[in-house]
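First, one chain by itself in C-alpha cells, the form predicted alone.
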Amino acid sequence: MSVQYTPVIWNRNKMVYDAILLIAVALYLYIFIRVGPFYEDITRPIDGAILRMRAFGSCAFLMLTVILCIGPLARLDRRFLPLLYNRRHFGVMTAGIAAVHANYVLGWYFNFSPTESYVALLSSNTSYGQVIGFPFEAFGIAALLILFVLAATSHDFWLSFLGAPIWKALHMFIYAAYAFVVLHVALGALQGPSDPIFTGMVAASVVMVCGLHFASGRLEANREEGDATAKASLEEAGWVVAGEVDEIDDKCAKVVTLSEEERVAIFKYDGKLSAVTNVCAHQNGPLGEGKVLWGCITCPWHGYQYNLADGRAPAPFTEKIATYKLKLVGSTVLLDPNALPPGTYVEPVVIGGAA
C-alpha cells in the first residue's frame, strides 16, 4: 500500500478550537443535567439515567445541526470562516457524544433483558408497516453507524487512500445522518408527552439547516449568473472580465466561474493581484473563501497554504496548484482563462501600476 499514515500535526489554532468545543459541550451537559429537573412535571419525575440520556442525545443533535450550518454560514459571511477550520474534530466529537447517548439507552432499557441487549433493541418493536409506532430506533442506529464511519475516515490517510472524489462523496452522507436523526426524534421523543422547548428546538434546527443551504445556494447561483453576464458582454482578445478591483476585499479573493468545473480565485493583497485555481490540492476546498495569512493563501477548510505568485505550498510541503495570468485595464481586472501548470510563477499585477 503506497499511502502512509501521518500523525495529526497540532497547532495553537487546533488546540483553541477543540478547547472551546469541549468547554461548550461540557457546559451544555452540566446545565441540562443540573437545571433540567427544575422544569420537570413533578407528578412524573425523570430518572437520572433518562435525564443524562436526553442530555447527550440533544447535545449530539445540536452539534450535528451546527456542523451542517457552518458551511453555508461561511459562504454567506466571511466572519464565520474560522469555524470551518478543524470542522472534522467537531464531527468526531459529535459521534462520541451520540455513542454515549446510545449507551445510556441500552443500559437503561435493555440491560436486564433476558436476550442480548442489541437483539432486544432490534426485536422489541417490529411495526415497520405503520407511521405512528414505527421503530424509530432503526433511524437512530443508521445515523450512529454513519457518524462512526465518517469519524473513522476523517483522517487525511483515508483522503489519500480513497481519493478526494470518493472521500468527499462518502462524507456527504452527513446529510443522510441528519435526516435519520430528525426522523428518529420525530417518531420517538416527539411522540411522548408534549415538550414545547424540545419540539421548537427540532423545528428550528430543520428550518435553519434548510434555510441556510437555500440562501447560500441562491447566492452562489447569483454570483455565477453575474459572472456569466460579464463574460458574455466584455471580452478582450480571449481574456475574460473578472470584475473591478474594488469588488475584491483586501487579503481576500473574488471567485470567477469559467465553466461548471473550473473556478479561479483572484486575491488582492499588499496592493497586488494574483490568481490561482479555486480548488485546494488537499481536499478540494474552496480557496477563494479563505484569506491571505502570513503572506500565503490559506484554505478555509484545514489551513493548507500556498504562495500567491506560484501556487506552491511553503516548505517542507510539496503541494502545488494551477496559476493564472491577470491584466489590469483601468480598474477592470482581466483574466486569462488558460490555466498554467501547477507551481508556475506569475508576476503579480500591481494595482495602479499596470496598463
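Being a predicted model, the structure only gives us computed values, none of them experimental. Residue numbers run from 1 along the displayed sequence.
Unshown form predicted in complex with a small molecule; subsequent notes refer to it.
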Site check 240, 265 and 325: each within 4.5 Å of the small molecule in the model of the complex by heavy atom: no
Partner proximity in the model of the complex: residue 91 to the small molecule, non-hydrogen atom cutoff 4.5 Å: no
Non-hydrogen atom contact residue 308 with the small molecule in the model of the complex at 4.5 angstroms: no
Residue 321, heavy atom within 4.5 angstroms of the small molecule in the model of the complex: no
Contact label in the model of the complex: residue 213 to the small molecule, heavy atom within 4.5 Å: no
Region of this chain that lies against the small molecule in the model of the complex, out of 288-296, 313-321, 66-74, 52-60 [heavy atom, 4.5 Å]: 52-60
The single option of 198, 173, 134, 158 touching the small molecule in the model of the complex, heavy atom within 4.5 Å: 198
Single option in 253, 273, 147, 256 placed near the small molecule in the model of the complex, where near means a heavy atom within 4.5 Å: 147
